[in-house]
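A single chain comes next, written as structure tokens; it is the form predicted on its own.
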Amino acid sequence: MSTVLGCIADDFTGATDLAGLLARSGVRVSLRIGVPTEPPSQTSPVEVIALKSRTAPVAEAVAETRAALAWLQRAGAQRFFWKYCSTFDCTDAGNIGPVAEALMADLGTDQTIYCPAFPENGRSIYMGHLFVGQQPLAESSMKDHPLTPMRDSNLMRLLTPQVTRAVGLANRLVVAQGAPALRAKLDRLKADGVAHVIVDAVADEDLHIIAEACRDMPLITGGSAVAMALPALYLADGTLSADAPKGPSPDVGKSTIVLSGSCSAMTNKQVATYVAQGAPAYQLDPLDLAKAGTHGVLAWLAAQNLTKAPLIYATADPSSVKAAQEILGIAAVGQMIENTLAACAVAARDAGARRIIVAGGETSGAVTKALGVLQLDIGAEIAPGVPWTFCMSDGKQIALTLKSGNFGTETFFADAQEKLEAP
């Protein structure tokens, strides 16, 4: 079957977030890890390619994303979605803007939109400013993100240094007038040479208006929520069909490992809650890892009863993270934690764990690659934007969930296990 909508995500948690929301429509969605090395065959109507490019060097991120686009084009897709985080995680150098411009050039289009809003998860855009709950982005916990600290809430100011063409805004007053008004605004901006348009959204209704106005654009960019409305539009005009199989989730048993590398405010709460619930837990210390390596944590893991769903975590408060980074370096700390949690995932799988819960985008990328996962089937949602997925790893069927740092409630780790056990 030819692919209709081709999606590219800049990290693995974002890809599962996007795939899960698109699958709500009943349309068959395939999630692939990395750019496939084989030519397209037996593709789904909606294909999502997960990259680990959010914090990669700009040239590397651009090259990998262009390769993903080329594969999706060969699969038959004519409409494309570039997905990044709903908190617009980036630096002045990129990677959101440079990747978008590269995709625009390859597709021969001279305008696209940027809408990272996700009202269901508390992300909204008003007059070009991004809010996390009731806080401006720059006043939220994202200001202390270890890799992409967000110190400005104005998306136009954030995007402008990353692109070579003009940036504009379609504000909430325009969006509230409906899809025809928004379409007209975009046309006027295009006539004025504005290639990159931030679009406000504060409620789910706004996302439907945006999707309707932009549905025929070759390229849309944003968070997963604005893409969620696209399948219904394509279903209505017969472009897609709701043919997703509704089979039962595979039974993978109860042996579980929980791995957390995110240092977001919500993940800190989730770790504290899970530990307070009595879960066996081991906290990684970057300084200890630098001195003694992974022997200690792997020995601890080998002694655990995996049916108790033990937790291994590097999650810590911003001051502790900064202290370790000052001694070892930002990149070194991040790489060390990713490599350690990836090694723990493989060791847990080999010890019998068939349910693997991962918190953090960079951690999810490292774990998924270490497990050798190439394709994921989308299962039930645990929280908005966080589904269970099912895949093969070393010939073994496993259930895997990849959680973006700030997603989910404080009881997420227990909720995930209950969701998988629900009839």
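Quick note: we count residues from 1 along the sequence shown, nothing fancier. As the structure is a computational prediction, the values presented were derived from the model and not from experiment.
Separately, the form predicted together with a small molecule exists; it is not shown, and the next lines address it.
Which of 120-128, 140-148, 213-221, 101-109 lines the interface with the small molecule in the predicted bound form (heavy atom within 4.5 Å): Of the options, only 140-148 has residues within 4.5 Å of the partner.
May I ask you to state whether G405 is within 4.5 Å of the small molecule in the predicted bound form, using heavy atom distances? Residue-level check for G405: yes, a contact with the small molecule.
According to a 4.5 angstroms non-hydrogen atom cut-off, is D206 in contact with the small molecule in the predicted bound form? Contact with the small molecule, no.
Residue-level question: is E338 within 4.5 Å of the small molecule in the predicted bound form, judged on heavy atoms? Residue-level check for E338: yes, a contact with the small molecule.
Is N268 one of the residues lying within 4.5 Å of the small molecule in the predicted bound form, judged by heavy atom distances? Because no heavy atom of N268 falls inside 4.5 Å of the small molecule in the predicted bound form, the answer is no.
Just to confirm, with a 4.5 Å cut-off on non-hydrogen atoms, which of P286, P231, G94, P310 contacts the small molecule in the predicted bound form? For this set of options, the contacting one is P286.
Find the only residue in A75, A324, C344, L189 having a heavy atom within 4.5 Å of the small molecule in the predicted bound form. In short, A324.
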